[in-house]
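Okay, here we've got a single chain as structure tokens, the form predicted alone, with questions on binding and movement later.
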Amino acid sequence: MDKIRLVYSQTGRAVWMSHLDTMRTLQRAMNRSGVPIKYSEGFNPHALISILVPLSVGTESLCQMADIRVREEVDLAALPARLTAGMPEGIVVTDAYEDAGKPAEVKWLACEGRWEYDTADPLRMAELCRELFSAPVVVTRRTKRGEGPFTVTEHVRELTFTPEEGFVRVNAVVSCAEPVVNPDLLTAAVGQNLPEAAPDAGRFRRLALYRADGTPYR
């Protein structure tokens, strides 16, 4: 046994942890559980842990994955419960297995959003959003190279708007591999292109990962 993949959820208070804090938390939980983590060689060795699709601060996820290199055999059936016992509130390990897919195979992310409206009619807001996204939608986004226009609809595979009491439920499948589409760009696109339909508050959570052909990623 050399590499294992962990699947975990990150919700509640844990959504405010940074990527680096999450990495440290995973390492501490494994150390407490006696998992024989493999370390890099050299002057400053570090635990060989990598999170496949890092999570933005403030976003919930039910499908986080991390690859862990180990030095010897691990009881995979017992590992999720052992690790969860050492995790902070909000992080629950749900699965652990070998023979995982290559990280480069990840392409699509299914997510669910909740756009809240204080006074506007959710039925009308859902109609306006459907009309907006029925055509190409450009949003200004910030990257390491600065701000620039980005046609967000070119990298969205599915997008639906369902009116509920006081909010619109948004279900989307967006690209999570070059280019990476943060679901919050959908909220920004409404604010920039259709201000009258901009939600008063909005948040997304991740649901599942898929390969380029649409099959579930594991």
Partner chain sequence: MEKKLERILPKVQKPARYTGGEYGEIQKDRTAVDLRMALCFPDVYEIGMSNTGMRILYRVLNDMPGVWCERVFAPWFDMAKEMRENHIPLYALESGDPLTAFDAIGFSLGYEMAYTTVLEMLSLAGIPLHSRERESLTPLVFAGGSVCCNPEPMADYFDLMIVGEGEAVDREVLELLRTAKQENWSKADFLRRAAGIGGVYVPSLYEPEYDENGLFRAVHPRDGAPAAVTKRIVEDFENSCFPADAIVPNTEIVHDRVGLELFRGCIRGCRFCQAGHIYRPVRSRSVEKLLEHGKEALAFSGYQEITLLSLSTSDYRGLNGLCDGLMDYCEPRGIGLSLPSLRADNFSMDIMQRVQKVRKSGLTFAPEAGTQRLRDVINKNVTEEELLRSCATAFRGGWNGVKLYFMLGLPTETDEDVIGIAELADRVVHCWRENAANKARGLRVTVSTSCFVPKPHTPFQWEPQVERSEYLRRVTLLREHMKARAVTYNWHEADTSYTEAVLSRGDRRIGALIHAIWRRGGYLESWSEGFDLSRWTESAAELGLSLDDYAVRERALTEALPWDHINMGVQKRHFLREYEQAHRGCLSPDCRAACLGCGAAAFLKEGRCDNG
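Residue numbers count along the first chain shown, from 1. Since this is a predicted model, take the numbers as computed values, not measurements.
Same protein, other form: the form predicted in complex with its partner chain, not shown, and the subject of what follows.
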| item | value |
| --- | --- |
| Stretch in contact, per heavy atom within 4.5 angstroms of its partner chain in the model of the complex, of 189 to 197, 147 to 155, 27 to 35, 175 to 183 | 27 to 35 |
| Contact residue in the model of the complex, from 116, 127, 112, 105 (heavy atom within 4.5 Å of its partner chain) | 116 |
| Listed residue that, although its partner chain is not shown, lies within 4.5 Å of it in the model of the complex (heavy atoms), from 123, 77, 138, 85 | 85 |
| is_contact(residue 72, its partner chain) in the model of the complex, heavy atom dist at most 4.5 Å | no |
| 4.5 Å heavy atom contact, residue 205 and its partner chain in the model of the complex | no |
| 4.5 angstroms heavy atom contact with its partner chain in the model of the complex for residue 95 | no |
| Residue contact check: residue 89 to its partner chain in the model of the complex, 4.5 Å heavy atom | yes |
| 17, 21 and 39 all contacting its partner chain in the model of the complex, non-hydrogen atom within 4.5 Å | yes |
| Residues in 124 to 156 with any heavy atom within 4.5 Å of its partner chain in the model of the complex | none |
